[in-house]
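Next comes just one chain, in C-alpha cells: the form predicted alone.
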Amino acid sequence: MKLTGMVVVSLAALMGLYGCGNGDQKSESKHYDGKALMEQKCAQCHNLKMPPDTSDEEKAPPMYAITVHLKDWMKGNTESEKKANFIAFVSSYVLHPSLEKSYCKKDMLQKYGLMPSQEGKVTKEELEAIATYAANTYDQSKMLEILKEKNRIAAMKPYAQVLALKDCKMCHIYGEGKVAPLFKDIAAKYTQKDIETIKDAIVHGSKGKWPAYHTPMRAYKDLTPLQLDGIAHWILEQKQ
C-alpha cells in the first residue's frame, strides 16, 4: 500500500512539473494573420493590389506577379504539395535570398536587383502565414474574374457604376426612409440649380440637413468627375 501511494505521489509530481492535467497551463499556438502581416511587412516595396498598380518608381515586382510566377515553378505531384513547397520556398528565400535560389528572370533581376535579406525584420512563422495568404489570394483564375467584373462595371453608365460600387442603396433605397432620406425625397427637395449642393454632400458628407435623420452621411471622395456628375443628376431624376 505504501509503495502504491509513493507511485501515485511521484506521478502527480511529474504531472505538475510538466503541466500535464493542469487546466491553468494550456498551451496556446499563436495565430498569425497573413493579410495583416503582408500589409505590414511587404507593402513598402511590393504592390499588393490585384490587378496590381505598376509604375517606373516601384522598388520590387507586384505581389501578384511574384506569386503566380513562383507557383508556376513549384514542383509537386499535387496542388497541396506544390503549395507546401511554395510556402517553404518563400519562408527560406526571404530570410536568405541568393541568385542561386532565385526564380526571377535576368531582366527582372537587372531592374529590381536581388531582394535584400529580411532576417531580423520578419520571422519564419510570419513568413509562412504571409506565403499561405499569398498562395490563396493571388491566383490567375481569380484575376480573370476580377478583370471580368471590372469590365462589366466599366461598361455601365457613370451613375450605375456608383450604385454598383458604393453602398448608397443600403440607406437611400433599402433603408425605406428609416436610415436616410430616399432618393425620391432628395429629388423632391432639390432642383437642377442645386446640383452642386448635392455633389458637395456626396464628396464631403452631410450632417444636419435632414432633421429627421441623426446619422451623418459619410464622404465619398474617390468618385471620378463623371461618376459624381452622373449620380447627382440621376438622383434628381428620381422625382415621382
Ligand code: HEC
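The numbering used is simple: start at 1 and walk along the sequence shown. Rigid core here is just the name for the largest C-alpha set that superposes within 1.5 Å across the two forms. Just so you know, these numbers come straight off a predicted model, no measurement behind them.
The form predicted together with ligand HEC is left out here; the points below concern that form.
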>> Which is the contacting stretch out of 135-143, 100-108, 77-85, 148-156, given heavy atoms within 4.5 Å of ligand HEC in the predicted complex?
In response: 100-108
> Does F183 reach ligand HEC in the predicted complex, with heavy atoms at most 4.5 Å apart?
Replying inline: yes
> Could you tell me if T215 has a non-hydrogen atom within 4.5 Å of ligand HEC in the predicted complex?
Replying inline: yes
>> I'd like to check something about A60: if you look in the predicted complex, is any of its heavy atoms closer than or equal to 4.5 Å to a heavy atom of ligand HEC?
In response: yes
> Are any of the heavy atoms in W210 no more than 4.5 Å from a heavy atom of ligand HEC in the predicted complex?
Replying inline: yes
> From first to last in sequence, which residues of 39-58 have any non-hydrogen atom within 4.5 angstroms of ligand HEC in the predicted complex?
Replying inline: K41, C42, Q44, C45, H46
> Does the C-alpha of L99 move 2 Å or more between the shown form and the other one once the rigid core is lined up?
Replying inline: yes
